[in-house]
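Here we start with a single chain on its own, the form predicted alone, put down as structure tokens.
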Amino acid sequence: MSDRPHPILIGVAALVYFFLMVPLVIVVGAALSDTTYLTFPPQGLSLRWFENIFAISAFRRTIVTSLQIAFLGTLIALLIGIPAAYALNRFRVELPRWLGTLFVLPILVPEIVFGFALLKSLTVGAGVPVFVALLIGHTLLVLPYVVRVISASLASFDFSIEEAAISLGSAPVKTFFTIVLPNVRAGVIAAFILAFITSLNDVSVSLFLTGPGISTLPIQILAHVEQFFDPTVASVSVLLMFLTVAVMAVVERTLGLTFLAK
């Protein structure tokens, strides 16, 4: 029996790759175009639109803001999500079922409704500063992903190992940090990557919570498109793609993608 894949399977795989790669090729080609408008195929090659990103102060400012919000929001979500996922798995019998559903509500509610609710309750109702409101909104947005991913890792963890360590005299907190957490490290890293990218690319929630002088990169892209039709937006998209690839490359070089699949 031959190990060669069936030609139909090869054709389907090629179509999938074609479907995934063609939009990326178009965006990269448009970003490298020498014209003053978006076009594909590119008419001449130039890097001036990448330089234009950093020449525009609004893009420089929103890139920094987006990275700050994504990093801090993901970090806070991990600080909340790791103990929450641990409790939901460790005490699944004692805790009520609706408690697990509580952590996925931001996903179940449409993001536009979620963003408007945050606007009314935080910015308008409580007078929370724009940056803090953005940080709270993005933390709540990515928290369900953190809880779900880490819960999936904890689902295969044998808690009898933890109980054995505690019975031998180890403190519960020390046991958590020395035994439980290292065993779900892959889930924590995967949750961080997923939450960070989700926060960085969010539009719906940020659209309601941005204010004068404070905005995120996706919102600035929308504002730029409303006024200009140059390849700057395509260049920003290419930078975001390379950022995602760089993060995955670092993970692959340090841990290996197969490590995250454990």
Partner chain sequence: MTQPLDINAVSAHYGTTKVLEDLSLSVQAGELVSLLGASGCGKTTTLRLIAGFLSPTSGSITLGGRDLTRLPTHKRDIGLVFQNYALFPHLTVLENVAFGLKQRGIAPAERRKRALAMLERVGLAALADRAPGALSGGQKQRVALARALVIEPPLLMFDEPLSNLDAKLRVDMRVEIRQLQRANGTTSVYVTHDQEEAFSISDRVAIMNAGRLMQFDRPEVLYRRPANTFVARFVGFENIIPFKVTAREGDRVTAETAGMALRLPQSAYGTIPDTFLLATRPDGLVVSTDPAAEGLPATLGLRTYLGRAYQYQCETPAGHLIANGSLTAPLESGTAVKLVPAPEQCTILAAEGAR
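Note that this is a predicted model, so its numbers are computed, not measured. Positions refer to the first chain, counted from 1.
What comes next is about the form predicted in complex with its partner chain, which does not appear here.
Colleague: Picking from 135-143, 70-78, 111-119, 178-186, which part of the chain touches its partner chain in the predicted complex when contact means heavy atoms within 4.5 Å?
Modeller: Going by heavy atoms within 4.5 Å, the stretch is 178-186.
Colleague: Looking at 104, 152, 87, 166, which is the one with a non-hydrogen atom within 4.5 Å of its partner chain in the predicted complex?
Modeller: In short, 166.
Colleague: Does any part of residue 172 reach within 4.5 Å of its partner chain in the predicted complex? Heavy atoms only, please.
Modeller: Answer yes; at least one heavy atom of residue 172 falls within 4.5 Å of its partner chain in the predicted complex.
Colleague: Check whether residue 161 has any heavy atom within 4.5 Å of a heavy atom of its partner chain in the predicted complex, and answer yes or no.
Modeller: Answer yes; at least one heavy atom of residue 161 falls within 4.5 Å of its partner chain in the predicted complex.
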